[in-house]
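There is one chain below, alone, in structure tokens, taken in the form predicted on its own.
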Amino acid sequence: MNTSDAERLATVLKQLGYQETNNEKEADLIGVIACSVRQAAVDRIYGKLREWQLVKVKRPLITLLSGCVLPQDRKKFKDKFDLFIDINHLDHIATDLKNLAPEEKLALSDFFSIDPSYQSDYRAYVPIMTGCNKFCTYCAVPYTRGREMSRPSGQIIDEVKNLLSQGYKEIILLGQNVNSYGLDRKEEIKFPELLKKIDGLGKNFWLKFLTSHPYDMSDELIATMSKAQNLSHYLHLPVQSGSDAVLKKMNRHYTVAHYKKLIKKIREAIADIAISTDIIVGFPTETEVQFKETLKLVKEVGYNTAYFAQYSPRVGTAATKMFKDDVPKTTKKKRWQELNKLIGQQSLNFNKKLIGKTALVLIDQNEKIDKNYLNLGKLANYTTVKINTSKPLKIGGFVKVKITKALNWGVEGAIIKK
């Protein structure tokens, strides 16, 4: 989502007459896309601000802040950034910049629908909605991006059509909770129908979506996923904890039993699906017994990938008002390491099952090692693939490989010659 926000901000600035640079030292304007989910991300912004304040002593520099910003962070940053732009109202940026720097010769015209400046020419992130109504106690999103707001389906479909016509290979639909797409607009289609329409726009492309909330994962959506021709057999379904008591304190709106029932339905519909998740360790009051319940769930579901976070208080979220951060940092780290070790083993077991199979790989990067090249790519289920070749493979191209070896966090493969 941060990448997608940055792409759209870049487009707005380009249409105003700015030119993008990769050299920070020559920038006249620096825009920051913030993520207020974790304190560490906000702390990094403070570090950069100190550098930019020194630059401003020597030459003109405009700094602007956007993205996910909690109200209290905005107050702290108020006198440190020249501008704050609500990510949902980028159309205000032209007027704000003109007021701030009248000497800037900006291309101020009637404003536009924002078509992003994609960072990739083969993979595109397409937002379909923003905001969230769930109010999980640890999460800042409802306070930074507001309530759920669905983008008109016609706009989404037109954007995907345009991308496919340009030869894009992978389309990733984005939202804080894609499953609730359309629920805020009576006239709109709902997520399963949107998925069907996009899936039918072409052939030979990969379609994915991020991220899903278990509460809104419907039987209709599961059935749609099982029938789609381009949808990758991959699902990211955050569970956050394997303890009902902790889930209740997180305000997650479901139980472990409900989540496990969902997983069973999904695997029955799509046998080879890869499922990943998010887990927070050391949430306030989490006991050793409750953590063991999480370990148990991870084993039962058999995730091949998971993203772990050690809980840290985020001022402005409900959890900081409701609970004391009473789990020691050393305990959080130990639990994180235990989960990471378990997922590493499950990933290896999952990858071993891929040995001998043939699959398409989308190439992301390559580098020369001695006289050969190491190419890195992804399977449709996000598994990393290493391929050694005598010549570099085309970045952004599909290649067919045979999986030859399983690694802890990926596989090795060999090109299948035509």
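Residue positions are given as counts along the sequence shown, with the first one as 1. All values reported here derive from a predicted model rather than from experimental measurement.
Beyond the structure shown, there is the form predicted together with a small molecule, which is absent from this document and is the topic of what follows.
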(request) Quick one: from 303, 259, 81, 138, grab the residue that has a heavy atom within 4.5 Å of the small molecule in the predicted complex. (result) 138
(request) Name the residue from 117, 285, 211, 218 that puts a heavy atom within 4.5 Å of the small molecule in the predicted complex. (result) 211
(request) Considering the small molecule in the predicted complex, find the one stretch among 292-300, 70-78, 308-316, 191-199 with heavy atoms no farther than 4.5 Å from it. (result) 308-316
(request) Tell me, yes or no, whether residue 184 is in contact with the small molecule in the predicted complex, where a contact means a heavy atom of each within 4.5 Å. (result) no
(request) With heavy atoms only and a cut-off of 4.5 Å, decide whether residue 278 touches the small molecule in the predicted complex. (result) yes
(request) Although the small molecule is absent from this view, report whether residue 130 comes within 4.5 Å of it in the predicted complex, heavy atoms only. (result) no
(request) Answer with yes or no whether residue 44 is in contact with the small molecule in the predicted complex, where contact means some heavy atom within 4.5 Å. (result) no
(message) So, a 4.5 angstroms cut-off on heavy atom distances: do all three of 176, 240 and 252 pass it with respect to the small molecule in the predicted complex?
(response) yes
